[in-house]
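Only one chain is included here, represented as C-alpha cells and corresponding to the form predicted alone.
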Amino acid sequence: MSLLGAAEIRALALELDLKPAKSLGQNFVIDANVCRKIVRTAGVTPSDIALEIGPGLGSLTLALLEDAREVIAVEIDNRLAELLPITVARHSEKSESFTVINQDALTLVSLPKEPTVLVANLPYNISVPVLLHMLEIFPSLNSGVVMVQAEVADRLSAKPGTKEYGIPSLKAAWWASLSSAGTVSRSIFWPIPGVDSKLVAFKRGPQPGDEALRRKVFSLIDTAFAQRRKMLRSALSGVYGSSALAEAHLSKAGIDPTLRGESLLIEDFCAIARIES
C-alpha cells in the first residue's frame, strides 16, 4: 500500500485538470501521516466497514483501506468519483474492497452494506448537516472521527454552559457522545484553507426516544436557541401560548424556567417534550 503525498495529489489534479472548488469545500489532504493518524484515532479495525464522505482524490481512502475490511466512499464530484477506483487500484492491493458512490451525501438513504465506522474530512460548509444525517440514517455507525472547521468542532463537542454549546451539540447528542480528538495544521491541505481544522470523535449511545419524540425535541432546541439569550420561559412562549404557560410547562417537566437553552442537556429537552401541553 502506498499513500498519496503532495506531489501525487497535484499530479492527480493535473490529470483531471481539476481546480479545487470552494463551493464543494475541496481542500485535499496531502500528508499521508495525518491520514494514518486519523484512522488510528478512529480505531478502525479489520472487521470494520468504513464510510467516508467527500474522499476527494483518495488520501484518506487509501489510509482507511490499510486497516478496514471495506471502504465505501460517497463523492459528489463526478470527475473525482470516476478517478477514485483507478487511484485505489494503482496504490492498493485491496481495490476489490472499495466502493465509490457518486452522490450528494445529504440525499443518501442507503448503502450496499451497513457501515460500522465513519471517517471523513467533511466539507466545511455542510459538515454539521452531513454528520447529523449519517447518524440518523445509518444506525450501524457505532463510532467515528470527522475532520471539520475548528469552530464547528468546538460546537459539536461543547459542554452545557459554554458559549460554543448550542444546536449542533444538542442534536448530535441525540445519537452519540462527541469529544475533541485533536487539531490539524492548515499546511496539510491543498489548497491551504483560511480556517483551522480539528478532529471530533463520536461514539454512538442509546437514543433517548423514538422518532416522534426526536422531532419534538429538535423543534424545541431550534426555538430555544433562536433567541439564545432569553430565558426558556420567554424563548418557548410561542410554543405554549405565553410565558406563563411556558413556565408552567417547564416546571412540570422539572426544568427551571429561568434557565437558558445553553444550560440544558438533551435529556432535559426530552423531559420538556414528553410533558403534554
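All values reported here derive from a predicted model rather than from experimental measurement. We number the residues from 1 along the sequence you see.
The following text describes the form predicted together with S-adenosylmethionine (SAM), which does not appear among the structures shown.
Enquirer: Tell me whether Gly56, Asp104 and Pro123, taken together, all sit within 4.5 Å of S-adenosylmethionine (SAM) in the model of the complex, counting heavy atoms only.
Expert: So, yes: the whole triplet contacts S-adenosylmethionine (SAM).
Enquirer: Can you say which of 158-166, 201-209, 136-144, 115-123 gets within 4.5 Å of S-adenosylmethionine (SAM) in the model of the complex, counting heavy atoms only?
Expert: It is 115-123 that comes within 4.5 Å of the partner.
Enquirer: With the cut-off set at 4.5 Å between non-hydrogen atoms, does Val217 touch S-adenosylmethionine (SAM) in the model of the complex?
Expert: Heavy-atom contact with S-adenosylmethionine (SAM) at 4.5 Å: absent for Val217.
Enquirer: Answer yes if any heavy atom of Leu80 is within 4.5 Å of a heavy atom of S-adenosylmethionine (SAM) in the model of the complex; otherwise answer no.
Expert: Yes - in the model of the complex, heavy atoms of Leu80 and S-adenosylmethionine (SAM) come within 4.5 Å of each other.
Enquirer: Would you check, heavy atoms only and a 4.5 Å threshold, whether Ile76 touches S-adenosylmethionine (SAM) in the model of the complex?
Expert: It does: once S-adenosylmethionine (SAM) is placed as it appears in the model of the complex, Ile76 has a heavy atom within 4.5 Å of it.
Enquirer: Tell me, yes or no, whether Val29 is in contact with S-adenosylmethionine (SAM) in the model of the complex, where a contact means a heavy atom of each within 4.5 Å.
Expert: Answer yes; at least one heavy atom of Val29 falls within 4.5 Å of S-adenosylmethionine (SAM) in the model of the complex.
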